[in-house]
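Quick heads-up: the structure tokens below are two forms of one chain, split into structure 1 and structure 2.
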Structure 1
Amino acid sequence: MRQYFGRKLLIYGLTFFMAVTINWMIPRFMPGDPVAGMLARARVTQPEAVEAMRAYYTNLFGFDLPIWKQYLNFWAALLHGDFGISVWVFPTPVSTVILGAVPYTLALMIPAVLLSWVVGNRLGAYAARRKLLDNSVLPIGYVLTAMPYMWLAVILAWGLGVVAGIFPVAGGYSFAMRPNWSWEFLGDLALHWTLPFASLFLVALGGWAIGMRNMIIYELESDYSNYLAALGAPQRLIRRYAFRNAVLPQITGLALQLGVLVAGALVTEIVFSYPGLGSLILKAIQNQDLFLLQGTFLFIVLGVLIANFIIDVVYVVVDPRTRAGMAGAAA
């Protein structure tokens, strides 16, 4: 088990190392002067501000230093939590800007991902080998999982927001409000949260339901299911066992899908102008704020790695075989 976690942590460490290196390399080995390019495209009009920024960024990139020193300095800054200064909201540090957006993204993603996983698995398990239900769950599941996240978001925003007028279609809370801990504000937050959550939840739901349905069919064909059936065990027991075994690969699947889910959350946020990382990325791109973009990238990678590790821990808790120190999930 120690070996299992050791291996996982090594992979995550290497992944983070690689992500940071990519992040460092790209602006340096791209053709052109990144500082000039960034300032030219940034919409800053006051000459003194431009000068201040130029001085800051040139210093920050440290082009006069040897390459290896630039690289080490980059790491040193990073480990101090210094991601640089945003161009878009100069001179706010990138880390501050990102930390302001992260709670929104997490509030959207965590419930949507977990709920869609739980409900999707139940639905898929229930539909498997039950003709009538299967015939409706399967096509709906495929349509949902084939949808681009932003399209369902746009449709929900249009149908339930613009046309029906039930939900607001933009922002994390009403423009007229200031963030505070009143019930009124929390209610407003929830109202703005509903549609982005629903679209993220629904698209993910389809994939989980289909995955579970296929896994259950596979498990119901397995030897232990056949043995139980030959000994006359009731379908309920056989299905319960099958579900438990089928859930394990779905946990691994959750780890594999994280990247897609993050992508889905980002574009969903953009549709609803939800003030999370997705909207931040859009702003960063529109304003050529590459520091903000790179900082967000590292944050997302870090988040995904942490989530992966949590899933690994859960897997070990749920699958007795890894705990027994025998053959476990492939690293």
Structure 2
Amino acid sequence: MRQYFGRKLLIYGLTFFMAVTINWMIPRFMPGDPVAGMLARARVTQPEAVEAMRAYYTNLFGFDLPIWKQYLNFWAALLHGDFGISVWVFPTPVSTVILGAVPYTLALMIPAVLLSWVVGNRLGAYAARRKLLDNSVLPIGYVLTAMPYMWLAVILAWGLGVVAGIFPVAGGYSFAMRPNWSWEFLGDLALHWTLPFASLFLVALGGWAIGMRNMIIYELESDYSNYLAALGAPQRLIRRYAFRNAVLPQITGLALQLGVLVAGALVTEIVFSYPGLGSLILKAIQNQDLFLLQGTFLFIVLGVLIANFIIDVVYVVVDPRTRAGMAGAAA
């Protein structure tokens, strides 16, 4: 098992290394002067402030140094948690800007991913053995999973926000309020959270329900299910074994779909102007804030890699065959 996780950590480490390298290369191999481009979009009019920013960013990019030294300096700053200073909100550090947006994205992503996976798997399992439910879950699941995140977000914002007026359609909380721990603010926060969460939850729900429904049907028609039925085993026991075996590919699917779900969350945040990492990426692009863009992408890559590693650990825990294979390989 130690060798297995060692290989996994090596793979994730190499992936992170490549992501950081590509992230470093993009602004340096773009045509033109990235510093001049950033300063042209920065809302600074005082000549002395412009010169100070030019000197800072030129030194941070290190254009007067050899390319290999620029690369090593970038890694040294990264390992110290220094992503540079944002142009958009100069002189605020990029790490501070990102940490202000991370709680919103995590509060949106984690419940949407986990609840859609759990509810979708349960619905799919029930649909596989109830024809009436199957006739409704299957077509609805196909419709939901075919919907783009952004399109469903717009529909929900228009229907439940603009027309019905039930939920707000923009921001993380009302502009008249200031963040605090009062029940009034938390309730307002939940209202602004509901529509972005619903758009992510519904699209992911359809895919998980369809996948589990198909896997349960396959497992119930397999040899071991027929053998247990011939021995007189109760149907409840057979279905329990079928669900346990069917959920394993769904765990693997969660790891494979995590990047798609993150991309959907970022687009959804932009639609609702939700103050998470998606809106931060849009602001960075609009203001040509390369350091904020680099820092946000690196944070997302690191988060996806950590989540995938956790899923790998969970898979080993829930699948005894994997542990048995590791023990056999070690012996």
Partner chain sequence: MTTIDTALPQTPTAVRREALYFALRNGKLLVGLGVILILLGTAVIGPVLLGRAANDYVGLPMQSPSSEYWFGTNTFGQDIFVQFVYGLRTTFEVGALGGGIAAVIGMAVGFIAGYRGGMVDEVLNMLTNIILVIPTLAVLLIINAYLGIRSVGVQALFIGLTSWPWAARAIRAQTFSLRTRDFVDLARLSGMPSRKIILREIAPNMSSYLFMTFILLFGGSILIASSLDFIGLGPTEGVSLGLMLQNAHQWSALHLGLWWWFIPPGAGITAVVGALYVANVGLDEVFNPKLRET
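Between two forms, the rigid core is the largest collection of C-alphas that superpose within 1.5 Å. The shown structure was predicted, so the numbers you read here are calculated from the model rather than taken from an experiment. Numbering for residues begins at 1 and runs along the sequence of structure 1.
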property: Structure number of the form predicted on its own; result: 2
property: Threshold 2 Å Cα movement between structure 1 and structure 2 at residue 234, rigid core reference; result: yes
